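Given as structure tokens, the chain that follows is alone and in the form predicted on its own.
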Amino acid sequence: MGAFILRKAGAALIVVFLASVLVFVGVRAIPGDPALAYAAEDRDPKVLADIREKYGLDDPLPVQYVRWVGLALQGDLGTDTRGLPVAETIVTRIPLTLELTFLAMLIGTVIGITAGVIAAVRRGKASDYAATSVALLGLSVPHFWLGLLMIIVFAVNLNWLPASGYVPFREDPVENLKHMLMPAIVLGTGLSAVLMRQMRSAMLDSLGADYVRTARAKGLSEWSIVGRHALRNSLITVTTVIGLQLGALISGAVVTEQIFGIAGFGRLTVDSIAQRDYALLQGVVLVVAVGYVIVNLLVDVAYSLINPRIRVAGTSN
């Protein structure tokens, strides 16, 4: 198990390195002069020259990259156009998006897995057709349209939930959940639809396997077969899908946070692009890339625990 984790961690470090190169080069490829963004309204050539010297913008790109990575490893992602440390700005914003993503994943996972199991067990029946139809609807409806519809229905017409804003959990847990419920549902619908379809397909394969027929021949109850045998093997595929869907959740959070007025990581990304804040955009994209790699590493470890055969096969190569 230790060798398996070390090998996966080594591969993850390579991916992080490549991601950092792409982030650095991609941000530098954006049209415009970073010095102008730092100078704000001041276009004096001497001021621009001082800014370029201060931030090393005239140095060769490899030198800039090495300096940026060296500082990033120490937790220093530079300063934004307001003169504030990028790392501190990210730390203040990221908890909101993490909470939103966690709630969305919780809602999407519970609904998707439950609906997928029911659809597979009751294949060809009304519940199967209903779950499949709802999943197709969830994949088809855009986040912005669903978010606006929920605001009109539940915030404006029924006045059950607040339309926008955010209240920290430590200040008022109830108000926090009220503010986060609609955004989490909007963000979790797409995930639940994907998981439902994947879970249904994986469960149908498992229910048709030889070990399930053997379990039925031994006289085990249907729910024991489903819960103890078919479900565990089906979760391997679903666990992988959950990790891969993290990118979709992050991109969906950008739109969702804008709709519901949540000043989280997604909104910070949009603001950094609009303000042409190169240092902030660079730090935000790097953190997202590293987070995505870490989550997928955890997913690899998780489904190796669900199915030890993966771990054994991996160590034998």
Partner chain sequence: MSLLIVVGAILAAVFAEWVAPYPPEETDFEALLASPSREHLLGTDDLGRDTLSRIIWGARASIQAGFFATVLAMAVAVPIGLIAGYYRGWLDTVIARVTDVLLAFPFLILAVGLAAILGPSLLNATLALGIAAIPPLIRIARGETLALREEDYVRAAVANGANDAVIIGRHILPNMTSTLLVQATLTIPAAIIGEAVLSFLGLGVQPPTPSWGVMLNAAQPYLNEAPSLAVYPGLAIVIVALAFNLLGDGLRDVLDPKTER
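What you see is a predicted model; the values in this text were computed from it and never measured. Numbering follows the first chain given and starts at 1.
Below: the form predicted in complex with the partner chain, not depicted.
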Query - Selected contact from R123, K178, R228, R82, since only one has a non-hydrogen atom within 4.5 angstroms of the partner chain in the predicted bound form - result: R123
Report task. Would you please decide whether R93 lies within 4.5 angstroms of the partner chain in the predicted bound form, comparing each non-hydrogen atom pair? Result -> no
Query - Proximity of A29 to the partner chain in the predicted bound form, heavy atoms at 4.5 Å - result: yes
Requested in this report: Tell me, yes or no, whether V15 is in contact with the partner chain in the predicted bound form, where a contact means a heavy atom of each within 4.5 Å.
Outcome: yes
Query raised in the report: Quick one: does V254 come within 4.5 Å of the partner chain in the predicted bound form, counting heavy atoms only?
Result: yes
Requested in this report: For the three residues I5, P168 and A279, verify that every one has a non-hydrogen atom within 4.5 Å of the partner chain in the predicted bound form; reply yes or no.
Outcome: no
Query raised in the report: If contact means any heavy atom within 4.5 Å, which of 97 to 105, 192 to 200, 83 to 91, 68 to 76 contacts the partner chain in the predicted bound form?
Result: 192 to 200
Query raised in the report: Are there residues in 138 to 165 with a heavy atom within 4.5 Å of the partner chain in the predicted bound form, and which are they, in order?
Result: L139, S140, V141, P142, F144, W145, L148, L149, I151, I152, V156
